[in-house]
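We begin with a single chain expressed as structure tokens, specifically the form predicted alone.
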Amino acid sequence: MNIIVIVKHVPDLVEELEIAEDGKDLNRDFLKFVVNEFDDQALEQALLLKEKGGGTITAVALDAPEIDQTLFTCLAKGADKAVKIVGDLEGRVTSHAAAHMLADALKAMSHDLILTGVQSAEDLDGQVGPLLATYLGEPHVSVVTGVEARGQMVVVRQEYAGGVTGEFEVDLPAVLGIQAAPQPPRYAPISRVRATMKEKKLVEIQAAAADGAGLNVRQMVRPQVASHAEMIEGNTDTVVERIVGIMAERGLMNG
């Protein structure tokens, strides 16, 4: 099975985040970037499929700051090939534009399965996978928590609210949005990543022109603290009386 895994770099959310002067993006000059956690889960799922049934894994990413190290890390973990899509990628790339560029590159790459993270911590819209499947004319299933290969199809587990899961048989080729692999993503020591940098090279593909459709950020602001929670103390009668009073103050009671 030939598997392609889409990976993306996102700002490290443990860092102090500042809004850019135009108010439409984060100030990225001093940001630390890490691989999107759901993409890391997608890579782990691909590695498990390869270990069980053989095949090849190709990691693909749009060019971005420090993306080379992420792609070499994918190789160090067990991917066979890494592709970087380069071009005019300055600034924020919308999900529509990213899907267009990825689809154009992937049409020329033989594949049975494309795995993406279910969403990105950077936008949380989860649209790259569905859009990519649409542009490629392939079936898509998202919020996937397990994949099993069966001949010319895969059986995928999809998670619903309340811990409910469903199973689907999906014909190949297909695009899957991975929420979680059956086990935590493996770790690649920095020594192995550095050795991989000396042994292997990244393949570069020129990005195709993409339209500007998608979400446009009009303004970003920090959350404003309006008030704090009120802790109600006392016996049952006191607590109930205060709750009723609060509801009355806010017009939540009739009569």
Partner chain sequence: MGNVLVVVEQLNGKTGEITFEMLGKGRELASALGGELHALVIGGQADELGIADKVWVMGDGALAHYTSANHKAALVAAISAISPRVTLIGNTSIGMDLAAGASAATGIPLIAYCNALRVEGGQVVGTSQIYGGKVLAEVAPEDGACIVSVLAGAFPASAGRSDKTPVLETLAPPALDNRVRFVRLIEPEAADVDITKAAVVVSVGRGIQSADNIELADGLADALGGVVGASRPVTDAGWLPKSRQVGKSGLRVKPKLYLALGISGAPEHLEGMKDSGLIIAINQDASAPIFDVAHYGVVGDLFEIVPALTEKIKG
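Think of the rigid core as the biggest set of C-alphas that the two forms share within 1.5 Å after superposition. Predicted, not measured: the structure shown is a model, and the values here were computed from it. Residue numbers count along the first chain shown, from 1.
Below: the form predicted in complex with its partner chain, not depicted.
Asker: Work out which of the listed stretches, 106-114, 67-75, 164-172, 80-88, brings a heavy atom within 4.5 angstroms of its partner chain in the predicted bound form.
Answerer: Among the candidates, contact is made by 164-172.
Asker: Is its partner chain in the predicted bound form near all of 21, 50 and 58, within 4.5 Å of a heavy atom of each?
Answerer: Looking in the predicted bound form, the three residues 21, 50 and 58 all stay beyond 4.5 Å of its partner chain (heavy atoms).
Asker: May I ask you to check whether residue 127 falls inside a 4.5 Å heavy atom distance of its partner chain in the predicted bound form?
Answerer: Looking in the predicted bound form, residue contacts with its partner chain include residue 127, since a heavy atom lies within 4.5 Å.
Asker: Could you confirm whether residue 149 comes within 4.5 Å of its partner chain in the predicted bound form, counting heavy atoms only?
Answerer: The answer is no: residue 149 has no heavy atom within 4.5 Å of its partner chain.
Asker: Would you classify residue 37 as touching its partner chain in the predicted bound form, given a 4.5 Å non-hydrogen atom cut-off?
Answerer: Output for residue 37 is yes: heavy atoms within 4.5 Å of its partner chain.
Asker: Using a 4.5 angstroms cut-off on non-hydrogen atoms, would residue 198 count as touching its partner chain in the predicted bound form?
Answerer: Because no heavy atom of residue 198 falls inside 4.5 Å of its partner chain in the predicted bound form, the answer is no.
Asker: With its partner chain taken in the predicted bound form, which residues across 232-250 come within 4.5 angstroms through any non-hydrogen atom?
Answerer: Read in sequence order, the residues that approach its partner chain (within 4.5 Å, in the predicted bound form) are 232, 236, 239, 240, 241, 242, 243, 244, 246, 247, 250.
Asker: When the two forms are laid on each other by their rigid core, does residue 246 show a Cα shift of 2 Å or more between this form and the one not shown?
Answerer: Passes the 2 Å threshold, so yes.
Asker: If we fit on the core, is the Cα of residue 232 displaced 2 Å or more between this form and the one not shown?
Answerer: Yes; that C-alpha moves by at least 2 Å between this form and the one not shown.
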